[in-house]
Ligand code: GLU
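Heads up, the chain below is alone and in the form predicted alone; it's given as structure tokens.
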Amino acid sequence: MSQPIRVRMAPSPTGDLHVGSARTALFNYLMARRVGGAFVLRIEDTDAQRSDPAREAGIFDGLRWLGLDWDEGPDVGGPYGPYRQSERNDVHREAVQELVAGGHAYYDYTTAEERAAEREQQRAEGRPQRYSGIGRDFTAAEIAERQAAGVIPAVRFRHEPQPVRYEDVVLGSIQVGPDDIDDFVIARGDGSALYNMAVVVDDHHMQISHVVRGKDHVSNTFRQVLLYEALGWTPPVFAHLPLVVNRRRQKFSKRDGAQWVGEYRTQGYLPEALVNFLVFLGWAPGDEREIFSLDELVQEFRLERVNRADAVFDPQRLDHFNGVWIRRLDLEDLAERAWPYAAAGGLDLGSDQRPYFTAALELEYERLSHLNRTAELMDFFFDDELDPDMGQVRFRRHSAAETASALERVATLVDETELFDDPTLEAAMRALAADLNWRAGDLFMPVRIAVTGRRATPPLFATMEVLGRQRCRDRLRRALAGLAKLAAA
């Protein structure tokens, strides 16, 4: 195309950023960035009762968290503003009046009761329920009578029965029959434009070259094509993305997982993982690769590779991506991101504990699947009053009393070993097990429980090194007290 590529994301501020909307924003962003085009953010806030500035701010935050910055929008300005639909009423009204003046639209003075009666008759006769155009041909006297009665007219597009067709980059050639579209409303009684009218006007005046959105907008597209034609404007290129469905091929709902980007952030997903996951909801690279950074996707993405089939939202695949991306992070970067989750999870963190936190986190790298599990995995590192439950020890080959005697030797070892590091501790502990004539595992498990309070932890001696001599000493003392009670029972 000779026209510069300009795409837009146009959410309504009536809820947080939905994952489906995030997928749409991502595809638009990738398309624009690949060719050096413009990615425009426009807020469609004409539903004044449901629109909420806080929700708008949440949309901004969600997009930026994903790394999807925009070139023009309400908060950054641009040459085609304003970028809130509610602030564009004048240009909408002007286009509505142009359609009325050209005979492409009319004021409909039918009443709600008349339209309801018409639908009821159509229902009884088994016909499709749609507006028949009865308000097209009211006489001046009939209109005056209705005006006197206080009837407020809507503005309807005058559609002469004809097929409507357009070419879709994803779905191919699409057409509806001559009777599939009625005289649809384009403006309210107060003159404010409804969705289809406002979108056409805004996309035209903002010089949007491609409209990339969900397949649920296909029915709107036919009406919008008619409006473009009536106004003498060239329509943009349309591309409708597959719907996001669950594994039962039903519409993705709350039962299938979180609906909002903010929920995934709270649950400890990385933005890189969510972006990597979202792009596969309808797109594929053409080979076996599946791990892509945002910059790599900019180079790879093509609308022509978007599938027609609905995209299955698989939470297990998202978890897989999250684990992969967590382990791709540099340790310091991971610590920076995990720190607020750890604090929110109840860990008592002081700024001077960052090195200790990072060292402990390094041991949990492989087991950390979501950042919001940081505190759960690492709390034993920060519990200075930890009193291990030695009842977790399975006294099969050695009694509680024998285990206590062995831990006394371990406590002495902890006090006396010159270096308190992973290899030194392992060598000394294995030598102790041999001296006791114990299997190494029979000694290591009660030590593990004593110093961590758990049976499953990162490697024991690396964990002891991070905990440090004093914490290990204190915990072994409490463990010995617990074993004494068990031995006496």
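The numbering used is simple: start at 1 and walk along the sequence shown. This one's a predicted model, so the numbers in the text were calculated from it and none came from an experiment.
Note that the form predicted together with the named molecule isn't included here; everything after this is about it.
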Tyr195, heavy atom within 4.5 angstroms of the named molecule in the predicted complex: yes
Touches the named molecule in the predicted complex: Arg93 (any heavy atom, 4.5 Å): no
Distance check, Val199 to the named molecule in the predicted complex, heavy atom within 4.5 Å: yes
Contact test in the predicted complex: His370 vs the named molecule, heavy atoms, 4.5 Å: no
The named molecule in the predicted complex: contacting segment from 352-360, 312-320, 156-164, 211-219, heavy atom within 4.5 Å: 211-219
Leu467, Ala10, Val19, Leu480 - the one with a heavy atom within 4.5 Å of the named molecule in the predicted complex: Ala10
Option touching the named molecule, based on a heavy atom within 4.5 Å in the predicted complex, out of Glu44, Glu56, Asp442, Glu426: Glu44
